[in-house]
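Coming up, as structure tokens: structure 1 and structure 2, two forms of one and the same protein chain.
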Structure 1
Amino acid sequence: MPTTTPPAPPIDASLIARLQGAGQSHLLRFAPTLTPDRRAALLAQIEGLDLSAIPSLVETYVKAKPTFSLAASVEPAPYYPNNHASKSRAWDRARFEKAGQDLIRAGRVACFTVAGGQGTRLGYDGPKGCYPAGAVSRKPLFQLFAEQILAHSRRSGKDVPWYVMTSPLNHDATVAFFRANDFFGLPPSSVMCFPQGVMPSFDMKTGRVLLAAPDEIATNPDGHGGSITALHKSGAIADMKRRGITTLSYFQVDNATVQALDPAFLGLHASAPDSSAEMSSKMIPKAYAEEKLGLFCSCNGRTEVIEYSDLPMDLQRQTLPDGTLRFLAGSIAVHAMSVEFIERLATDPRFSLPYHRAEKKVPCIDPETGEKVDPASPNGVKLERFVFDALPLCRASIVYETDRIEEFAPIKNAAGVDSPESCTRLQTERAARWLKAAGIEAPLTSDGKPDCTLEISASTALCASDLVSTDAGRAAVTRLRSSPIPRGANILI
């Protein structure tokens, strides 16, 4: 006898009532026409929404356009200069570097990478963390970070856990990539991947949640600020507490030269007299006033990041007597955060991060007819959170200056600024600088730039001083002394 598909169970009356209360009854418009499995998938998506919060979100961010209001008092945020002997603010590098190393050796530090992006803008079909970024080796971004973590683990004698936040779009591909590459030598038990959350996309005019299909809600990633919630919901925070982790080194996946663990920065975060050890940040000096970097500012006495589009340009162009920019400290999305602070942000409504509104073209279906809509102009509102909005919630927050060549080589665009080409150039400049400090000269062009392509593996050196203070570094320098670098060479050290 032919089998028949059993009828789908009736939709729970309480869910219908909650959708009506939230003004989102249209989400069930096509439910009667769906197969049982597709209907179940739609209902699961709806159950995942915080329906009680939607009316407020719609009124605050969709039907209204929140405007940025500059604080009454806005000053440049103070920072610890990269040069610890600086006359502007001297500090004891050796002391704080030791404090950071002690944290790592005690097994109290983990790494956290925000890796939800795809390589679409680079013409790469896959997670951005899988993109080949090594200047010579073409190692993927994930491997560049993994080798740093492995080097620190070997030096400290402690496994350094690594938490990687993916997105629903690239989670499975990311996990498969790690498995296919044997976790790049790291213990699989020390690498935890989990997807970030999503937010429903809203119709700009009505505030109704958009449907991508009759059985699917249109959603968007909830931003890097959503990492706070994802760390909690995924069980990552519970895992950190079980391991005795107290401090998280936060960085984004597209920065090929970021220091996955920086002892000096970690030490300042944990024990500087003006730090609460809750959240600290790294900055680079802006190259010019119009550079599109958020700025660390002191707003009514609290450290905040003001987006470059929100800070008046006349302030951004102000200079000091020596000609340097007064508002100098550009954010590069590198932070140190305490596990306790992250848990508080994730669980205490008083520390909830605000949303940011973006108007976008969102493909969807007409909620009445089910016909596809491919908008020619923005029709939807996407909401996301930014992790730097946690800074003013700290009791006190410090900013530490790093060097652009040392630690900021992002890959965002296929060509031009922040591209694979610029990343390769910066990796080479950094390697040439480290080698010069060890007595090895790279060939230079007429304008003083390296006339070669260089890459120093994390297994060889984590910083310039490693080339003269570690066995692997000294061995590499010895080899280069016996065989000078030729022009146009591609050398992995």
Structure 2
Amino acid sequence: MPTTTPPAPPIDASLIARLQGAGQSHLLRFAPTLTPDRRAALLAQIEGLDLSAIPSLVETYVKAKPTFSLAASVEPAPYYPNNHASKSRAWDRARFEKAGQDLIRAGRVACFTVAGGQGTRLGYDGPKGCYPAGAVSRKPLFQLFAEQILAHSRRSGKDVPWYVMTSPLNHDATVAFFRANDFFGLPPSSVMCFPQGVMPSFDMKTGRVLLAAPDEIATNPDGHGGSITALHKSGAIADMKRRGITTLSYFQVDNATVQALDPAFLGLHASAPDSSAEMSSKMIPKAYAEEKLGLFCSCNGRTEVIEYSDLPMDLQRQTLPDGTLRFLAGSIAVHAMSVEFIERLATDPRFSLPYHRAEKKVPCIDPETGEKVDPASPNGVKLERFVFDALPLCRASIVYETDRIEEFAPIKNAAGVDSPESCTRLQTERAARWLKAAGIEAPLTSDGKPDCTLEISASTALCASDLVSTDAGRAAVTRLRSSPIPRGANILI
């Protein structure tokens, strides 16, 4: 007997009215032509939108461009200098490092990586965490972090759970990658991947939500600030509470040399006298005034990150009598966060983070004709939340200085600044520095840079002193003593 496809159920009149009210009726333009399955998928996507919020989002962020207003008082944020013996602010490194180690040993700390970005600038076909970033080994970014977490877990005798935020666009590929690689030696029960939310992408001119296809709304991940809601909605916060986790070590997926766990930083966050232990940050000194890093500022007494494009250039160029930049503290998006603070932000609407507007090229279809549009210039507005907007919501927040070569080797672009090539160079410089401190010289070029490519595995050393204080570190140094590093060599240590 021939089968007939059942007719698609009529569209709920209240949905039609709500779409009209939000100025988004065009989303149903092609619904009558869709198969029941595809129509149901489109309707589910529309139901997932917060239609009541759309008109004000369009007015505030799409039709208007919100302007940044500088606080009445903007000062450089104070920070704990990397040199704990610095005259500017001496602090007891041994005490805070121990406090951080105690937290890890007590099983209170988890790692949290935001990996839901689209990585458009790098243009890599796959989740960025799968990118082969190891200078010599070509290990993927996820593996570089996993090996650090494993080394810390072994040393502390406690599993360190790892939460990885993906997006609906890369979640399945990320999970499949972890599975295919046996979670890089971590217990699978300690790794939790969960997708962040998305926002609809808007037509820049009309404020209408763009359609990616007749049956699909164009969306974008809702920014790393979306992690606050996603941690809560996914059940990750509940999972942390079950495990007794109080503190998250937050970092981005594209920084190959980030310290996944830094005991001194965690200790400062948890117990420095001026910390609320809600959210703390790491900074590096900006290399030059125009460097495109957000800046830690104290705005009316509260620590904030001001984007480099928002802080007036004359302020960014100000120098102190010794010539250093007055606004020096550049953000590298590394934070320590309390689970309780995240839960408060996620559940109390008074703490919801603002949106930031970005103009982007968004492939879509013409809502009148259904024809594909591949824009040559930005046609869409994407709305994202940024995690650093949580800083001024803390009761108090501290900043800790770290060293660029030690832990900032981002991969953002395919070439040039912050590229795989610069990342390889920085990994090599760091390895050469650690080896030098252990008495091993790498061959140098005439300008003093390593004339070779080096990478030190986390299983060998997590920091310079491990090369002299651990068995694995000392064994590596002994091997290198017996066969010095030749020029042009590629060596995984």
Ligand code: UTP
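From a predicted model like this one, the values you see are computed outputs, not experimental measurements. Rigid core here is just the name for the largest C-alpha set that superposes within 1.5 Å across the two forms. For numbering, take structure 1's sequence and count from 1.
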Which of the two shown is the form predicted in complex with the named molecule: 2
CA of Ser469, rigid core aligned, shift of 2 Å or more between structures 1 and 2: no
Threshold 2 Å Cα movement between structures 1 and 2 at Phe202, rigid core reference: yes
Core-superposed C-alpha of Gly448 shifting 2 Å or more between structures 1 and 2: no
Core superposition result - C-alpha of Thr120, shift between structures 1 and 2, Å: 4.7
